[in-house]
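Read the single chain below, which is given as C-alpha cells and is the form predicted alone.
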Amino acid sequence: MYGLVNKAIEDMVCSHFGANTWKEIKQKANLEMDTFISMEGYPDDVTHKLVKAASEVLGLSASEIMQAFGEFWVTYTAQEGYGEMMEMSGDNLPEFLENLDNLHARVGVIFPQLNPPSFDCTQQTGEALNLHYHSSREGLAPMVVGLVKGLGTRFDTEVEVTQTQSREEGAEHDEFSIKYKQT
C-alpha cells in the first residue's frame, strides 16, 4: 500500500490518542521508519502490523480499527488534496458509490502502482442498494463499512451498512446492504 494509507493511520491515532500512543503502536509493530512517504509503496504487511499493534494498544478489535479508519479516510483524503477528485465523483451517496471505480482510475494516474479494489452497485431502489466489493487484499471489508459511513457524513445522509456476504466466510466477494436517507 502507498505511504498515504499509513500516514493516515498515524494521523488518526495521533489526533484521537496522542503522539505517545502512536509511538507505542509503532514500537509494538516493530517498525523502524520515522515517517511514511505518501507517494512511496510499502508492503501490505506494514499496514497489517500497524492495525494489529493498534488493536493491542487501544484494546479495540482490528475490525473496529479498520471501520474507524474508513470513516477517517474520507475526511483525510479530502484534506490531503484529493477533495476535488472526490467532488467530481458524485453529488450524493449512491452516485458517489457508483463512481468509485472511476475515482480509483483517476487516482491511479497519480499512484501508478495502485492496486485498487473494484466496486459495483446492484438492486438500487429509492433509498437502498447493494454494494459489491472486490479486492485482492484480505481483511479490509470493515474499512468499507467505515468508508460508507464517512461518505454518509460527507453527503449529510443517514446510512445503515450491513455486510451480507463475506470472503472470509467463503463468498466470492464481500457484499454490503446499504440503506440511506438524505437529511
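The first residue of the shown sequence is 1; numbering continues from there. As the structure is a computational prediction, the values presented were derived from the model and not from experiment.
Just so you know, the form predicted in complex with a small molecule exists too; it's not on screen, but the next bit is about it.
Participant: With the partner left out here, if you bring back the small molecule in the predicted bound form, are Gly152, Val161 and Phe176 all within 4.5 Å of it by some heavy atom?
Facilitator: No, none of the three is in contact.
Participant: Does any part of Met143 reach within 4.5 Å of the small molecule in the predicted bound form? Heavy atoms only, please.
Facilitator: Within the cut-off, so yes.
Participant: With the cut-off set at 4.5 Å between non-hydrogen atoms, does Arg137 touch the small molecule in the predicted bound form?
Facilitator: Answer yes; at least one heavy atom of Arg137 falls within 4.5 Å of the small molecule in the predicted bound form.
Participant: Taking the small molecule as it sits in the predicted bound form, is Asn130 near enough to touch it, meaning that at least one heavy atom pair lies within 4.5 angstroms?
Facilitator: No.
Participant: Report yes if any heavy atom of Tyr2 sits within 4.5 Å of a heavy atom of the small molecule in the predicted bound form; otherwise report no.
Facilitator: Although the small molecule is absent here, Tyr2 would touch it in the predicted bound form, with heavy atoms inside 4.5 Å.
Participant: Quick one: find which of 120 to 128, 54 to 62, 38 to 46, 24 to 32 has residues within 4.5 Å of the small molecule in the predicted bound form by heavy atom distance.
Facilitator: Result for this chain: 38 to 46.
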